[in-house]
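The chain below stands alone and is given as C-alpha cells, in the form predicted alone.
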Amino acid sequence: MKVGFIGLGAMGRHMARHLQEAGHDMTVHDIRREAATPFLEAGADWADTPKGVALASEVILTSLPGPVDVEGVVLGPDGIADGITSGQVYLDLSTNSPVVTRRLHREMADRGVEMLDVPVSGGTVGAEAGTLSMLVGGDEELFNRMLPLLEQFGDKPFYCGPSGAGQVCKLVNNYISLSIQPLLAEAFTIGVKAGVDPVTIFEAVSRSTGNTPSMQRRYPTGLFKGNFAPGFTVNLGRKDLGLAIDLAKDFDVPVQYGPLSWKEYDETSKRDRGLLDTGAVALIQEERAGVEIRADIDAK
C-alpha cells in the first residue's frame, strides 16, 4: 500500500517506522527534514509539502501536536486537501478537538475522501513497542477496513462511534489520567510529611482502593527516582487538558477539577519543566509541602 505519513516527532517517528517495516511504500513529510533521514535511508520518498504526500499516497496519516497544526496541514496552503482526491483515506492520529475533527471530516467527505480520527494513547514507550491504544471515530466499515493497517503500529484499536467520537473518548481519558497526577502528589506529600516513607505508602495504596495505573506507571521508576524523562510531556498534558475543558464549554458542561489540574500543568510549564514527563507536576506540590517523594523501591 502507498502510505503517506506527516509528523515524524516523538510519537510519529515510531508509528511511521512500524508501517515502513511492514513493507508499505512510504512518502513522508515533517517541518524538519532531518527528522525524515532514517526513513529516506530505508527507502521512503520525501515530499516537500503535505500536498505532495497526498498526491503520492493511498492512505495519509498525520501525527501532529494539536488542532491548529492539523488544520494547517490539512487545509493550509499546499495542504493535504490540495492534493487528496476521491477514493483516498485520511487518518488523523493526533489528539484533536472533536469540533475541528468533525469539520475536517465534512471537508474530506465533500472531496469523496474517507476519514477516521484515531487519537493514540500509550506515550513514546507504547509507540516504540507498537502497543498503542487507539480510540477510533468515523465510519465503522472504514474502521474494519483499516484495522489491519492500524494493528501494524498498535495492538488495541477500539471503535468509539461516528466522526469525533474517538477524540471525545481520548479527551475524557486524558481528563481523568492527567487530573489524577496532582492529586497523587498531594496525597503522597501528606503521608511523607506525616512520617511514613513513600514505598510503604505506595505498597499500602497498591493493595487498597486508591490504587491507580498512573501511580503504578510513574512512581516506582519516575517520581521515586527523580526521573522525569518524557514519555508524555507536561506541555502536551496541558494542551490535552485544555482541549477537554474547551469541549466541556462547547457542550455547556460545568467542570471544577480539570481546571484546577490544568493550573498545575500550566505552572509547571512556566517553571521551565514543560518538556519533562507529566509526572513532573508533582514537583510543585513537593516544593509547597517542603518534602520530597523519593525512595528506592527495589530496596524495600
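Numbers follow the displayed sequence, beginning with 1. In this text the structure is predicted, and so the values were computed from the model without any measurement.
Absent from the display: the form predicted together with a small molecule. The rest refers to it.
Hey, in the model of the complex, is P65 touching the small molecule, heavy atoms inside 4.5 Å?
Yes, P65 lies within 4.5 Å of the small molecule in the model of the complex.
Looking at the partner-bound form in the model of the complex, is L8 within 4.5 Å of the small molecule by any heavy atom?
Taking the distances in the model of the complex, the answer for L8 is yes, it comes within 4.5 Å of the small molecule.
Taking the small molecule as it sits in the model of the complex, is D240 near enough to touch it, meaning that at least one heavy atom pair lies within 4.5 angstroms?
Yes, D240 sits close enough to the small molecule in the model of the complex that at least one of its heavy atoms falls within 4.5 Å.
Contact flag, G279 vs the small molecule in the model of the complex, heavy atom cut 4.5 Å:
G279 lies outside the contact set for the small molecule.
Contact residue in the model of the complex, from L61, V53, M26, L236 (heavy atom within 4.5 Å of the small molecule):
Selected residue: L236.
Quick one: of T124, Q88, T189, Q152, which gets a non-hydrogen atom within 4.5 angstroms of the small molecule in the model of the complex?
So the residue touching the small molecule in the model of the complex, by this definition, is T124.
Are all three residues P182, V255 and R273 in contact with the small molecule in the model of the complex, where contact means a non-hydrogen atom within 4.5 Å?
Looking in the model of the complex, the three residues P182, V255 and R273 all stay beyond 4.5 Å of the small molecule (heavy atoms).
Only one of 115-123, 98-106, 153-161, 140-148 has heavy atoms within 4.5 Å of the small molecule in the model of the complex; I'd like to know which.
That would be stretch 115-123.
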